[in-house]
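Only one chain is shown below, in structure tokens, and it's the form predicted on its own.
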Amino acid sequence: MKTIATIMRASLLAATLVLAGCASFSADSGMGAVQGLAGAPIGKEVIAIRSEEDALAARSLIDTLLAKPLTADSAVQIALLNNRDLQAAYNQLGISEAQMVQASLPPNPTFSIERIAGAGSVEIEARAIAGILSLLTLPARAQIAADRFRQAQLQAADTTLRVATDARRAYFRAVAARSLAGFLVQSQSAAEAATQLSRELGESGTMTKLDQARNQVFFAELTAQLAQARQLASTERERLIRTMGLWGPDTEFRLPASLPRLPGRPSAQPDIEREAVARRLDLQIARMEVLALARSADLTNATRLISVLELAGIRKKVTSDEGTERERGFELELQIPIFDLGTTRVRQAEETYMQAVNRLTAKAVNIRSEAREAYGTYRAAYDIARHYQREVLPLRKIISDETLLRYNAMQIDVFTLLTEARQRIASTTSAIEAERAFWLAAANLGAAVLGGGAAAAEGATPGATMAAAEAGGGH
């Protein structure tokens, strides 16, 4: 009896000591780390809305931002406050913290009582069962849960950066589409006037029917391009609205008529590979995965031979006509490793760990390549956009002015004037697309360094409307 009492007291003492080291819920549910990892680098406020006060504060800031013409930064801030998918990611962080706290608690003991009556006797048996193995491995399991919670914080921060990057990309796409549609509206007005002029010349007999048709098809094609541009502007605006999580009157925000001016010089990042490897959150998530799996492998190896170890204290009372008998004892349940020596679990843990190591190595290699690619795209996009601003568009303006002077002096016909107009429209459309590509490349560059989405090559790909405009301008 003394032995079982000693064991039970030791178990209770161990449980008490473990409880002293149990994890508890943090005041911010882990959001402080998310703000430091994601909010601080991009200069934005990150809030997990968990109360009415949080919702009111977020709503007030959103209203302030929507009252002014939208900028890329304000679109990102609104998305971080109002995107419900992002808030769901923060809820997942709270779930992970609850799992960490639960994993740090010792297992509850199990009590059972049994009463059997018959043949003039009544037998009552009570058991108190404690999982000794679970108690002994609790510190290791709690550390693994803490690693998983840290990993969840990194994932929440990575999701935050992804939403921010998506909002920034959506903003530049929407503004570029609006800018292109506005430019085509102006071009269509000029083309309509030229078409009307050619029609009048045709009626007076000074222009052939073939030339009239050539001039009119320019206006017709430009009308089709404008319809495509307007449809694209509407689509891109809706994408921006979805990213920011807006609906109702909030969707009536104002966008600027054109993209921001290009910076005076491109950003120089000679150590972009090192910076990306040091800061990319998805790489840090992979590192935490390797660390957690290493701890899990150690725990599996330590418990390979014993997977079940339970101690039960037993009290038994038998009442019969002959009197009452009381018995006490204990039961130790232990799984004997005869057939399964834990080799399979150890092998599985080792292979899982090595799988994570290989994936971490591959990710590090890919991140270096993605960083180089993103910066190369960024620099090329800047040079192209700057070339259009400094060379192509000024030359196009000179050509347009000189062509108009010669037309007014009756040195060239209206067909030549319209041909130059087509080329000018194509050049201006290409310039808008080049600016769009630069700003998308800048957003992708940030994602390639910090995380939140692989750098996409979409910034260098002309849109459908752009391609249509170029095709139309080449006629």
Partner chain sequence: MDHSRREFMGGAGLVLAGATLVAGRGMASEIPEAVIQESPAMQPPLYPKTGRDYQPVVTLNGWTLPFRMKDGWKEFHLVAEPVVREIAPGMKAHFWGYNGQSPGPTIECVEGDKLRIFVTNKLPEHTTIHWHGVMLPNGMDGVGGLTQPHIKPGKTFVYEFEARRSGTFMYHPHADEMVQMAMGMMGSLVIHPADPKFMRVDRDFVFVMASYDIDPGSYVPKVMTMTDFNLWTWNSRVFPGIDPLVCGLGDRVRVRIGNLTMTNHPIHKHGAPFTVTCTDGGWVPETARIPEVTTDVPVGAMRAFEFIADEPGDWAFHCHKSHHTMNAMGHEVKTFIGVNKDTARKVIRRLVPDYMPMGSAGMAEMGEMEMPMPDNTLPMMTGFGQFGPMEMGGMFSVVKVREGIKRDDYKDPGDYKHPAGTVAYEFKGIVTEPARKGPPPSSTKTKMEFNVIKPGSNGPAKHQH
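Numbering follows the first chain given and starts at 1. All figures in this text were calculated on a predicted structure; none of them were measured in a lab. If you superpose the two forms and keep the largest set of C-alpha atoms that fall within 1.5 Å, you have the rigid core.
Keep in mind that the form predicted together with the partner chain is missing from the display, and what follows is about it.
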When the partner chain is placed as it is in the predicted bound form, which of 424 to 432, 442 to 450, 26 to 34, 64 to 72 ends up with heavy atoms within 4.5 Å of it?
-> 424 to 432
The partner chain in the predicted bound form: contacted by all of 40, 158 and 163, heavy atom 4.5 Å | no
Tell me, which of 405, 362, 98, 398 has a heavy atom within 4.5 angstroms of the partner chain in the predicted bound form?
-> 405
None of 251, 204, 355, 102 but one has a heavy atom within 4.5 Å of the partner chain in the predicted bound form; the exception is 204
Touches the partner chain in the predicted bound form: residue 274 (any heavy atom, 4.5 Å) | no
Closest heavy atom of residue 212 to the partner chain in the predicted bound form, within 4.5 Å or not?
-> yes
Examine residue 238 and determine whether its closest non-hydrogen atom to the partner chain in the predicted bound form is within 4.5 angstroms.
-> no
Would residue 409 count as touching the partner chain in the predicted bound form under a 4.5 Å heavy atom rule?
-> yes
Can you name the residues of 412 to 442 that have a non-hydrogen atom within 4.5 angstroms of the partner chain in the predicted bound form?
-> 412, 413, 414, 415, 417, 418, 421, 424, 425
Did residue 201 shift 2 Å or more between this form and the one not shown, C-alpha, core superposed | yes
Once the two forms are fit on the core, has residue 213 moved its CA by at least 2 Å between this form and the one not shown?
-> yes
After superposition on the rigid core, does the Cα atom of residue 408 shift by at least 2 Å between this form and the one not shown?
-> yes
